[in-house]
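Below, in C-alpha coordinates: the form predicted alone, a single chain.
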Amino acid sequence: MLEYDFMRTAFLAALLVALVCGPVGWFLVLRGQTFASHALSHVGFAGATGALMFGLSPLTGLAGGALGAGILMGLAGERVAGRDVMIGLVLSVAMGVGALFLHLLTRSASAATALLFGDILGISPGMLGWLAALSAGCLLGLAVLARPLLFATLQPEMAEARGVRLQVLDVLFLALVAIATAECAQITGVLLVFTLMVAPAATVLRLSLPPLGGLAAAAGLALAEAWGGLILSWETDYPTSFWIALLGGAGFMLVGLVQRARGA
(Lines give C-alpha, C1' and ligand atoms only; values in the text may rest on other atoms or scores of the structure.)
Protein backbone atom coordinates (compact mmCIF):
# COMPACT_ATOMS: atom_id res chain seq x y z
CA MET A 1 0.00 0.00 0.00
CA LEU A 2 2.75 2.45 0.93
CA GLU A 3 4.63 1.76 -2.32
CA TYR A 4 2.35 4.28 -4.04
CA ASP A 5 3.07 7.99 -3.81
CA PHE A 6 -0.59 8.96 -3.57
CA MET A 7 -1.09 6.66 -0.57
CA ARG A 8 1.92 8.08 1.28
CA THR A 9 0.62 11.59 0.57
CA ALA A 10 -2.84 10.58 1.83
CA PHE A 11 -1.42 9.22 5.10
CA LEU A 12 0.60 12.40 5.66
CA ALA A 13 -2.44 14.56 4.90
CA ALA A 14 -4.53 12.54 7.37
CA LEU A 15 -1.83 13.01 10.01
CA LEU A 16 -1.71 16.79 9.54
CA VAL A 17 -5.49 17.16 9.59
CA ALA A 18 -6.13 14.80 12.52
CA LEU A 19 -3.59 16.54 14.76
CA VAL A 20 -5.61 19.74 14.35
CA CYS A 21 -9.17 18.40 14.26
CA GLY A 22 -8.81 16.39 17.48
CA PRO A 23 -7.78 19.23 19.84
CA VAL A 24 -9.94 21.87 18.15
CA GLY A 25 -12.90 19.49 18.24
CA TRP A 26 -12.28 18.83 21.95
CA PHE A 27 -12.80 22.51 22.75
CA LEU A 28 -15.67 22.70 20.26
CA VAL A 29 -17.63 19.93 21.99
CA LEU A 30 -16.72 21.18 25.47
CA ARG A 31 -18.06 24.64 24.61
CA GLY A 32 -21.26 23.27 23.08
CA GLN A 33 -20.50 24.81 19.67
CA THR A 34 -20.53 21.71 17.52
CA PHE A 35 -22.99 23.37 15.15
CA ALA A 36 -20.22 25.82 14.22
CA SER A 37 -18.12 23.31 12.27
CA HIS A 38 -21.22 22.20 10.35
CA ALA A 39 -22.22 25.79 9.59
CA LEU A 40 -18.72 26.85 8.59
CA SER A 41 -18.29 23.87 6.27
CA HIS A 42 -21.48 24.80 4.40
CA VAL A 43 -20.42 28.42 4.01
CA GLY A 44 -16.95 27.27 3.00
CA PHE A 45 -18.53 25.11 0.28
CA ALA A 46 -19.81 28.25 -1.45
CA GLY A 47 -16.36 29.80 -1.15
CA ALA A 48 -14.68 26.70 -2.59
CA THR A 49 -16.97 26.53 -5.60
CA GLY A 50 -16.52 30.25 -6.16
CA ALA A 51 -12.74 29.80 -6.12
CA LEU A 52 -13.03 27.01 -8.70
CA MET A 53 -14.97 29.36 -10.98
CA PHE A 54 -12.09 31.82 -10.94
CA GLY A 55 -9.44 29.15 -11.42
CA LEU A 56 -8.21 29.22 -7.82
CA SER A 57 -7.57 26.36 -5.43
CA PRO A 58 -10.78 25.18 -3.70
CA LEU A 59 -8.86 25.09 -0.40
CA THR A 60 -8.27 28.84 -0.74
CA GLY A 61 -11.97 29.56 -1.21
CA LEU A 62 -13.03 27.07 1.44
CA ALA A 63 -10.66 28.49 4.04
CA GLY A 64 -11.52 32.08 3.13
CA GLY A 65 -15.28 31.51 3.24
CA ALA A 66 -15.16 29.55 6.47
CA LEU A 67 -12.80 32.05 8.10
CA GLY A 68 -15.01 35.01 7.22
CA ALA A 69 -18.10 33.22 8.50
CA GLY A 70 -16.31 32.19 11.69
CA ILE A 71 -15.29 35.74 12.47
CA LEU A 72 -18.83 37.01 11.84
CA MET A 73 -20.27 34.30 14.08
CA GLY A 74 -17.84 35.22 16.83
CA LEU A 75 -18.73 38.90 16.56
CA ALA A 76 -22.46 38.10 16.65
CA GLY A 77 -21.94 36.04 19.81
CA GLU A 78 -25.12 35.31 21.76
CA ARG A 79 -27.30 36.92 19.13
CA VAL A 80 -27.08 33.82 16.90
CA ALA A 81 -27.21 31.28 19.70
CA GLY A 82 -30.41 29.28 19.64
CA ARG A 83 -31.70 30.82 16.41
CA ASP A 84 -32.09 27.56 14.55
CA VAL A 85 -34.26 29.00 11.79
CA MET A 86 -31.77 31.77 10.96
CA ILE A 87 -28.83 29.37 10.98
CA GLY A 88 -30.70 26.86 8.84
CA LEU A 89 -31.60 29.50 6.27
CA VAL A 90 -28.01 30.75 6.05
CA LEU A 91 -26.76 27.19 5.53
CA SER A 92 -29.38 26.55 2.86
CA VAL A 93 -28.50 29.75 1.00
CA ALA A 94 -24.79 28.93 1.19
CA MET A 95 -25.34 25.44 -0.23
CA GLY A 96 -27.62 26.91 -2.90
CA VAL A 97 -24.95 29.41 -3.96
CA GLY A 98 -22.43 26.59 -4.09
CA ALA A 99 -24.79 24.55 -6.26
CA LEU A 100 -25.15 27.51 -8.63
CA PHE A 101 -21.38 27.88 -8.94
CA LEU A 102 -21.06 24.15 -9.64
CA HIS A 103 -23.73 24.44 -12.33
CA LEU A 104 -21.68 27.12 -14.04
CA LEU A 105 -18.57 24.92 -14.01
CA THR A 106 -17.87 22.48 -16.81
CA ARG A 107 -16.37 19.89 -14.45
CA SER A 108 -19.15 20.17 -11.88
CA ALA A 109 -19.72 16.45 -11.28
CA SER A 110 -16.18 15.59 -10.18
CA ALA A 111 -15.79 18.89 -8.32
CA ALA A 112 -19.06 18.36 -6.45
CA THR A 113 -18.10 14.85 -5.35
CA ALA A 114 -14.69 15.97 -4.11
CA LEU A 115 -16.06 18.97 -2.21
CA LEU A 116 -19.07 17.22 -0.69
CA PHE A 117 -17.48 13.90 0.27
CA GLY A 118 -13.73 14.57 0.20
CA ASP A 119 -10.95 13.23 -1.99
CA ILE A 120 -8.03 12.35 0.24
CA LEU A 121 -6.43 10.17 -2.43
CA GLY A 122 -6.36 13.14 -4.80
CA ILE A 123 -4.34 15.43 -2.51
CA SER A 124 -1.21 16.67 -4.29
CA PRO A 125 2.23 17.30 -2.75
CA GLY A 126 1.60 21.03 -3.19
CA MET A 127 -1.67 20.77 -1.27
CA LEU A 128 0.20 18.85 1.42
CA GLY A 129 2.44 21.85 1.95
CA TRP A 130 -0.56 24.13 2.44
CA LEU A 131 -2.09 21.68 4.90
CA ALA A 132 1.16 21.59 6.86
CA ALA A 133 1.29 25.40 7.05
CA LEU A 134 -2.36 25.67 8.12
CA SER A 135 -1.94 22.91 10.72
CA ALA A 136 1.15 24.54 12.21
CA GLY A 137 -0.56 27.93 12.43
CA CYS A 138 -3.74 26.46 13.90
CA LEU A 139 -1.90 24.44 16.57
CA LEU A 140 0.23 27.45 17.50
CA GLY A 141 -2.87 29.62 17.87
CA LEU A 142 -4.61 26.96 19.94
CA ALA A 143 -1.58 26.65 22.23
CA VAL A 144 -1.74 30.40 22.90
CA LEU A 145 -5.51 30.39 23.51
CA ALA A 146 -5.81 27.10 25.40
CA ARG A 147 -5.59 28.32 29.01
CA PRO A 148 -7.89 31.37 28.76
CA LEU A 149 -10.21 29.41 26.46
CA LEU A 150 -10.58 26.60 29.00
CA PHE A 151 -11.12 29.14 31.80
CA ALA A 152 -13.78 30.99 29.80
CA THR A 153 -15.48 27.73 28.84
CA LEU A 154 -15.80 26.35 32.37
CA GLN A 155 -16.26 29.60 34.33
CA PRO A 156 -17.30 32.38 31.90
CA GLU A 157 -18.51 34.82 34.59
CA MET A 158 -15.34 34.48 36.65
CA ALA A 159 -13.17 34.71 33.54
CA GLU A 160 -14.86 37.94 32.50
CA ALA A 161 -14.42 39.32 35.99
CA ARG A 162 -10.70 38.49 35.78
CA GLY A 163 -10.39 40.54 32.59
CA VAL A 164 -10.74 37.85 29.91
CA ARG A 165 -12.40 39.39 26.84
CA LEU A 166 -14.91 36.69 25.99
CA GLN A 167 -16.00 38.03 22.62
CA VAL A 168 -12.43 38.43 21.37
CA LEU A 169 -11.69 34.92 22.57
CA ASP A 170 -14.77 33.58 20.80
CA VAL A 171 -13.81 35.28 17.53
CA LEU A 172 -10.26 33.92 17.66
CA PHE A 173 -11.43 30.42 18.52
CA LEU A 174 -14.02 30.32 15.73
CA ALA A 175 -11.31 31.49 13.33
CA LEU A 176 -9.28 28.43 14.36
CA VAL A 177 -12.38 26.26 13.94
CA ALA A 178 -12.79 27.66 10.42
CA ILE A 179 -9.22 26.73 9.48
CA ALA A 180 -9.61 23.25 10.99
CA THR A 181 -12.92 22.80 9.15
CA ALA A 182 -11.32 23.77 5.83
CA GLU A 183 -8.58 21.20 6.41
CA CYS A 184 -11.00 18.51 7.53
CA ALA A 185 -13.14 19.01 4.42
CA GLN A 186 -10.18 17.92 2.29
CA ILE A 187 -10.44 14.50 3.95
CA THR A 188 -14.14 13.97 4.64
CA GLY A 189 -15.86 16.61 2.48
CA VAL A 190 -18.09 19.39 3.75
CA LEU A 191 -21.02 17.06 4.50
CA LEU A 192 -19.03 14.75 6.79
CA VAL A 193 -16.91 17.22 8.75
CA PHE A 194 -18.55 15.98 11.97
CA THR A 195 -16.87 12.59 11.56
CA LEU A 196 -13.37 13.91 12.23
CA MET A 197 -14.07 17.19 14.02
CA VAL A 198 -16.67 16.05 16.54
CA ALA A 199 -16.79 12.25 16.84
CA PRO A 200 -13.26 11.71 18.30
CA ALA A 201 -13.60 14.67 20.68
CA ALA A 202 -17.06 13.62 21.87
CA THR A 203 -15.79 10.08 22.47
CA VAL A 204 -12.80 11.29 24.49
CA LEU A 205 -14.90 13.68 26.58
CA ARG A 206 -17.02 10.74 27.71
CA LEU A 207 -13.87 9.35 29.37
CA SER A 208 -13.55 12.41 31.68
CA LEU A 209 -9.81 12.79 31.09
CA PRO A 210 -7.91 15.87 32.33
CA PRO A 211 -7.48 18.65 29.74
CA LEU A 212 -4.00 17.78 28.45
CA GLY A 213 -4.81 14.09 28.38
CA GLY A 214 -8.11 14.79 26.64
CA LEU A 215 -6.49 16.95 23.97
CA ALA A 216 -3.82 14.33 23.27
CA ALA A 217 -6.36 11.50 23.25
CA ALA A 218 -8.64 13.41 20.85
CA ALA A 219 -5.76 13.95 18.43
CA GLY A 220 -4.70 10.30 18.72
CA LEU A 221 -8.22 8.98 18.18
CA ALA A 222 -8.80 11.27 15.20
CA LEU A 223 -5.53 10.02 13.70
CA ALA A 224 -6.46 6.39 14.34
CA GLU A 225 -9.83 6.86 12.66
CA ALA A 226 -8.33 8.67 9.66
CA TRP A 227 -5.56 6.10 9.13
CA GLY A 228 -7.96 3.25 9.85
CA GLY A 229 -10.33 4.63 7.22
CA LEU A 230 -7.53 4.76 4.68
CA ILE A 231 -6.46 1.18 5.37
CA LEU A 232 -10.02 -0.15 5.23
CA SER A 233 -10.66 1.81 2.05
CA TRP A 234 -7.60 0.20 0.47
CA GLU A 235 -8.74 -3.28 1.49
CA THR A 236 -12.42 -2.93 0.54
CA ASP A 237 -12.43 -0.26 -2.20
CA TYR A 238 -15.15 1.61 -0.27
CA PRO A 239 -14.85 5.41 0.21
CA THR A 240 -12.45 6.57 2.92
CA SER A 241 -15.00 9.03 4.31
CA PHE A 242 -17.47 6.18 4.84
CA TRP A 243 -15.00 4.22 6.96
CA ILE A 244 -13.97 7.30 8.96
CA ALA A 245 -17.63 8.03 9.72
CA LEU A 246 -18.28 4.40 10.66
CA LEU A 247 -15.23 4.22 12.94
CA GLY A 248 -16.16 7.50 14.63
CA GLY A 249 -19.69 6.37 15.35
CA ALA A 250 -18.56 2.92 16.50
CA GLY A 251 -16.00 4.39 18.90
CA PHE A 252 -18.54 6.74 20.45
CA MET A 253 -21.08 3.96 20.92
CA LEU A 254 -18.49 1.53 22.28
CA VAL A 255 -17.36 3.94 24.99
CA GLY A 256 -20.98 4.56 25.93
CA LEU A 257 -21.68 0.83 26.21
CA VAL A 258 -18.58 0.25 28.34
CA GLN A 259 -19.52 3.10 30.68
CA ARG A 260 -23.07 1.78 30.99
CA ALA A 261 -21.79 -1.73 31.74
CA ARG A 262 -19.45 -0.41 34.44
CA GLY A 263 -22.28 1.62 35.95
CA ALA A 264 -24.50 -1.46 36.05
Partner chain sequence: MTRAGHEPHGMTPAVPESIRLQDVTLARGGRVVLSQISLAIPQGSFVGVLGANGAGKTTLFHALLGLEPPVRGGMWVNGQPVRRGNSAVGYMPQMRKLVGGQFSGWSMVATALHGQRWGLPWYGRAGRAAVDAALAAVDAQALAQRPVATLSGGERQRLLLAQTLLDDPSVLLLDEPLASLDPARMRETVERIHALAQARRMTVLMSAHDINPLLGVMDHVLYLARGRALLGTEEEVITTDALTALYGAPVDVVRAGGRVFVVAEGGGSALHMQDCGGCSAHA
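Fair warning: this is a prediction, and the values are worked out from it, not measured in the lab. Positions refer to the first chain, counted from 1.
There is another form of the same protein, the form predicted in complex with the partner chain; it is not shown, and what comes next is about it.
Listed stretches are 127-135, 164-172, 91-99, 181-189; the contact stretch with the partner chain in the predicted bound form is 164-172, by a heavy atom cutoff of 4.5 Å.
The closest non-hydrogen atom of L104 lies beyond 4.5 Å of the partner chain in the predicted bound form. Although the partner is absent from this view, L150 contacts the partner chain in the predicted bound form, with a non-hydrogen atom inside 4.5 angstroms. The partner chain in the predicted bound form is not approached by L75, whose heavy atoms all lie more than 4.5 angstroms from it. For the chain shown alone, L121 is not a contact residue for the partner chain in the predicted bound form, no non-hydrogen atom being within 4.5 angstroms.
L209 is the sole member of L232, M53, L209, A216 with a non-hydrogen atom within 4.5 Å of the partner chain in the predicted bound form. Of the residues in 2-35, those that come within 4.5 Å of the partner chain in the predicted bound form through at least one heavy atom are, in sequence order, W26, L30.
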